[in-house]
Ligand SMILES: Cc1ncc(COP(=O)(O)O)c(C=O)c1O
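Below sits a lone chain in structure tokens, taken as the form predicted on its own.
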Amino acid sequence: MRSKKLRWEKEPQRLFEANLEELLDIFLASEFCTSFGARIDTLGREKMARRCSWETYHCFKRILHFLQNPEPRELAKSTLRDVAVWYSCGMLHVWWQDDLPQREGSLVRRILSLAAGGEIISFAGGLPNAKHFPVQEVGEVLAAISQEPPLMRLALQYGETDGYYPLREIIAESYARKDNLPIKPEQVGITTGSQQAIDLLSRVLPRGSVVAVERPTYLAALSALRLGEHDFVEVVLEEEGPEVGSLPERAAAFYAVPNFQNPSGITWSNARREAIARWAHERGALLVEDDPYGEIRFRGDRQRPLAAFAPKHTLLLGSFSKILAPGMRVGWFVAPEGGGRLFEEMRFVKESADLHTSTFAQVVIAEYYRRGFAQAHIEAVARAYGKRAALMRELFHELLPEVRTTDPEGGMFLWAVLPEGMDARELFTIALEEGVAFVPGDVFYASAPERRTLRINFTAEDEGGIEEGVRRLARAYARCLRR
């Protein structure tokens, strides 16, 4: 995978509109819909599709570079067809397919078509298992709200950009009870999924800021931060957490997932957290602690948040997507202690993007928590995911003993490393033919990707699907070795 540094185009909007039909054909825009974070409108084939959002427009800017290329226009157009669009975890990710063999359609088209026919077992997406959604409890909450006209009217009305105050109180109280963090509700801002908080931060940071990230790191964070044209510095991730010696001398921010990291599943030790907090304090850097999986712990002891070690330097992100349901599209950020300016700047950008997160969803979640449903549900989900993780690792040890995997204490992912000389992209192609999908690990690196790595989700499939999926992956592995 090659990265290209592109300049801003003088007339990108004109080129975008002039070549809209070509772009929509390539990107299957009639099927592309909203991402986790800032609003990306569903695109149709009609001319009204030109009203797509700024985020979508920037995803196309790499392609537009070729439309101004001095090469013949037909060659430029053919280059467009070498662009693959991955729709992983609901997030658009674009890269050049210079080093992939030509094949009909994009990888995502093949995965979606197979999945639609029930022919593929997917370890690719970061999906919670729908069988564990609290359907009955949410139904009870909805019925109760419908019997309270004032509350229902409030839920159906526009809301405040900062979020529904009772929900902000619930979030603050949870941090106080579980982590002894003295967070005030006024520090909490509600977002449309925690992915939007990353997008807001990307817009608030000065363009071209130096942002440290783990190596590897969450691919949708890279996508959001790239839109701000920030410069990445990678910090090597070890079993205990980031290698302190690889921290940069200066950085505006350090984005990280300390609990059950996406993609590796690694959890930082408290000692590493304390060392990273010291670095942030000495450098005046902002720690962006993304914690969507922290509640899904099925082994070991709960670790202290970075915010406990560096309260004045930590922007804490969270989400209800993994602990309740992703369809709610509700997350949050907690501004640093004394970080009123950052809160105001993120609020301003959010107001410009979507005014506010769904009031209805916020009211439902607040009532769900107020009625005491949350904790038992989270514990049940963690137990179920723990069994799936253990089964997945056991099957890897039995059927793929040469493949090294991490041993997560919670979350949703295993990280696997193939033997020397193997390529996860090649294995991915064969695995699709066998009827199983995963995410090749190279997309999780800001630079110099490791091509022997892959991310495996163990939550979306049930036990039978995991067992059959790993057997299919083992067959694909054997075929890959024979090549």
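A residue's number is simply how far along the shown sequence it sits, counting from 1. Being a predicted model, the structure only gives us computed values, none of them experimental.
Unshown form predicted in complex with the ligand; subsequent notes refer to it.
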Report yes if any heavy atom of V211 sits within 4.5 Å of a heavy atom of the ligand in the model of the complex; otherwise report no.
no
Spell out, yes or no, whether the shortest heavy atom distance between Y218 and the ligand in the model of the complex is within 4.5 Å.
yes
May I ask you to state whether R329 is within 4.5 Å of the ligand in the model of the complex, using heavy atom distances?
yes
Using the partner position in the model of the complex, report whether S321 sits within 4.5 Å of the ligand, counting heavy atoms only.
yes
Answer key, the ligand contact in the model of the complex at 4.5 Å (heavy atoms) among F123, Y368, Y293, Y385: the residue is Y293
Can you pick the one in W268, Y164, F333, Y255 that has a heavy atom within 4.5 Å of the ligand in the model of the complex?
Y255
For the chain seen here without its partner, which of 169 to 177, 340 to 348, 257 to 265, 131 to 139 has a heavy atom within 4.5 Å of the ligand in the model of the complex?
257 to 265
Let me know which residues along 185 to 204 have a heavy atom within 4.5 Å of the ligand in the model of the complex, or say none if there are none.
G193, S194, Q195, I198
